[in-house]
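In structure tokens, one chain follows: the form predicted on its own.
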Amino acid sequence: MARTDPMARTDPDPADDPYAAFDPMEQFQGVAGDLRDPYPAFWEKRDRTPVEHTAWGAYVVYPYELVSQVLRDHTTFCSGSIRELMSVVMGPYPLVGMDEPEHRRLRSLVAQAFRAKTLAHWDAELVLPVVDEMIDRFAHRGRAELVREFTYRYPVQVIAEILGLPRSDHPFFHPRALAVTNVAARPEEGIAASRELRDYFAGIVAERRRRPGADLISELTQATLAGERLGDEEIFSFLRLLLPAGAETTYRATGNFLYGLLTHPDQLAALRADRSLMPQAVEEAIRWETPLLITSRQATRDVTLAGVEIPAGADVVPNLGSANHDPTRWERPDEFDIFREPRPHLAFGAGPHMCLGMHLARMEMATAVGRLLDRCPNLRPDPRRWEADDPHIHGERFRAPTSLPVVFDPA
């Protein structure tokens, strides 16, 4: 894969870059501030108001079965509300906000680049080298703070490698990708970042159409379905979705996974000793602390859900975090337990909009944690900093740990 590109930007001067002061670690705190544990409130909602008509007009859905029903019934609950919000920063073709039949067409074209064979190639040739390079920076020290030094940084580098973007451009596109994701809180910055990313991708897409390589952008420019190819604006929209989504949710999910292991040393030891537990451990981590707690739909007609009448056009909010802690589906659902029998969860959604990158996210989480255990023997919480820093998972909508200070036997 090419590591340079004639259309690529050079590193922006921090003094001139409007995103230089952007603090990604403080994103998405929401009005609830440092919300550590939303799950007790979800228990009460599931029992008393499984479909809640909120003061702001939306209908929030809490139980697993009802959330699954909403996500799978795309004719009654469409994605129009997501499209209305995200098209501002992702262009006219945001895959997450499209409905059938145009969603099926675009997803079928894009999905060609996420074949199982391709994922296996990415793991060995792209993901593992990036993870090892990140660990190289602290393996000799015997200590690290894994959020800022590892989980936050490596997923965007993986996505960049997969897309074939030059490493020299990371300081440009990483903060802009996060600004796009944070558009609801900081709209002017998000919209400006979206325009800059579109202009950035325009030159690269044009070059890959002329000279395709082995990267994902080249795959997108060449993908065909019944003789039809993706248009440039469709590719730009998908890239402005993939770059922040791949960086944001995977870093949060990996951090949550590590927090679960570090705070349950018996399970950490079991996984260290038996890596065949990794797939179920990954699934449990994603279920236990879903990185994005909610999504959005819109009722296309008057509908009754759990006895609540929902009018056509109303916003419907499936609460994924609540659904994944439903005691009718899991015993002790609020506990992290990699030994529990795996059951399908809703962290990646369900139905036609199930996350296209879910297998990539699983692979990145497994590779990152597996290599940490390989290369950082006796990985464990740093007792001094754990007491001083008070690490914990927090967030009202997006969940991730505040910090992960660890010690280990140095390489």
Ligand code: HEM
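Source: prediction; values computed, not measured. So that there is no doubt, residue numbering starts at 1 and follows the sequence shown.
Quick note: we don't show the form predicted together with this ligand, though the next part is all about it.
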The listed residue (I204, I310, L242, I338) that reaches within 4.5 Å of this ligand in the model of the complex by any heavy atom is L242
Position in contact with this ligand when the complex is considered in the model of the complex, options A366, V60, L35, C355, heavy atoms within 4.5 Å: C355
Can you check 193 to 201, 141 to 149, 234 to 242, 221 to 229 and let me know which stretch has heavy atoms within 4.5 Å of this ligand in the model of the complex? 234 to 242
Is every one of V130, L268 and V406 in contact with this ligand in the model of the complex, taking contact as a heavy atom within 4.5 Å? no
Close approach of W330 to this ligand in the model of the complex, 4.5 Å, heavy atom: no
For L66, is any heavy atom within 4.5 Å of this ligand in the model of the complex, or not? no
Can you check whether P175 is within 4.5 Å of this ligand in the model of the complex, heavy atom basis? no
Flag R297 as yes or no: does it have a non-hydrogen atom within 4.5 angstroms of any non-hydrogen atom of this ligand in the model of the complex? yes
Judged by heavy atom distances of 4.5 Å or less, which residues of 158 to 186 approach this ligand in the model of the complex? I159
